[in-house]
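Here's a solo chain for you in structure tokens, the form predicted on its own.
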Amino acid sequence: MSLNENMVRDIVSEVVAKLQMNEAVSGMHGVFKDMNEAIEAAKKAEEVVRRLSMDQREKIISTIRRKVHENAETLARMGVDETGMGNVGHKILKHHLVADKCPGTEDIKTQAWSGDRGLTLVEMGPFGVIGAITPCTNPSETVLCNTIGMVAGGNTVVFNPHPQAIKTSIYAINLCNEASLEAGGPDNIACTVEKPTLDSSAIMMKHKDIPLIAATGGPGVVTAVLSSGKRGIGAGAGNPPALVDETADIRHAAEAIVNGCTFDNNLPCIAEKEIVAVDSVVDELMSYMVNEQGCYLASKEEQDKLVATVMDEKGRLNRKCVGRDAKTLLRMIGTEVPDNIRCITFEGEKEHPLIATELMMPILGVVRAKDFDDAVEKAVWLEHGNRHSAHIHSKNIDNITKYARAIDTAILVKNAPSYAAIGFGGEGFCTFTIASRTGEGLTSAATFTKKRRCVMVDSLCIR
């Protein structure tokens, strides 16, 4: 689809102007000055939503999907303009993916047992009002994905978005409420506050009307949620390694890994963050990466400059570098490169700060391993026990199995780019809340429900 750049820029400018915090936010659906007010409004809406039929819920969700398709370009540009992170074209694709592949009411299934002693049903019921914390890396995508799944389960949701992406998040929340009203549902199926803070987050986590909290973000926010005393779904950090063994199609591995690493400038938590390759294929792999896949081979001096630029002496990331493209990062250290450069690579030890740290930047260090077992050991170390995501390129089923058992992640992608894990070029549904830490894995509508058993004894068995 071709974009009229001037037209899109005018639309985004108009939207951003409407979203100035002190002006028109009061006119946006689901946006409140106080967190308690937001929760109260979501509670009233939840009393309606839980009584809606599945068909009525699905009508709301279908309308959300349509509106996401219609607003994909605007949401993508808003996210990049507001946060300074990511790639507009890739974010457009991500929004279409959310609209097409985030599960709705079809994910809510009933189990049944029928026998001589009657009938037993296990049905999936709503929690009520769910509290959700969302990141600045995938702000609107996470809001939309969460809202679709939570409403499908009969819930409403109150968001405490990352302050760095509040305008984009508010636009997505307003879109969901407009869709509900258009479909005959209630307003405030998704709510938030004008200015989210740590205090508003604390109110949400402690509120008596919030039985479940879903957090998508770094380890700090997930730890806070799990310490709240409430049921928590924690989608935390990852540092996904891509392992390449001697049986892999090396040219294909180079293409797939670089495509996954550079998608949305490496913002997705599932993206390849480093490579571990057996010694016999390292040189060939890096040759394909540099000569065919637009990777820039950084010298030792450039590596040192990148370390000093993208993080401080305590290893904390420079937010001005997160989600930036390779050319911008190289320009920051005084290196000019051609337009076809999309990734930075180098060979280093696993302890190298640009390898051991989850950067969320298209910087892809390569660690050399003496054999497959050594590669597995190094990859497990680099994943840091997050149990989030990992990738492997191999044609050896035994090797793939050994790696899968050792790495023990919620996601393992074989012989494909990382984004295949969320349904982009691969089978399966899409989500942007991957609960590795609490064990739910890729969340969907069913994740946001509780199981209830209904037993009828000596009746309704008509065999």
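Predicted, not measured: the structure shown is a model, and the values here were computed from it. Residue indices: 1-based, along the sequence shown.
Unshown form predicted together with a small molecule; subsequent notes refer to it.
Contact annotation for Pro163: at least one heavy atom lies within 4.5 Å of the small molecule in the predicted bound form. Contact check for Glu358: a non-hydrogen atom falls within 4.5 Å of the small molecule in the predicted bound form. For Thr134, a non-hydrogen atom is located within 4.5 Å of the small molecule in the predicted bound form, even though that partner is not displayed.
Among heavy atoms of Ser418, none comes within 4.5 Å of the small molecule in the predicted bound form. Residues within 4.5 angstroms of the small molecule in the predicted bound form, judged by any non-hydrogen atom, belong to 212-220 and to none of the other stretches in 376-384, 76-84, 212-220, 349-357. Site annotation in the predicted bound form: the residue of Arg319, Arg117, His252, Lys109 reaching within 4.5 Å of the small molecule with a heavy atom is Arg319. In summary, among the residues Gly238, Pro103, Gly365, Gly154, the only one with a non-hydrogen atom within 4.5 Å of the small molecule in the predicted bound form is Gly238.
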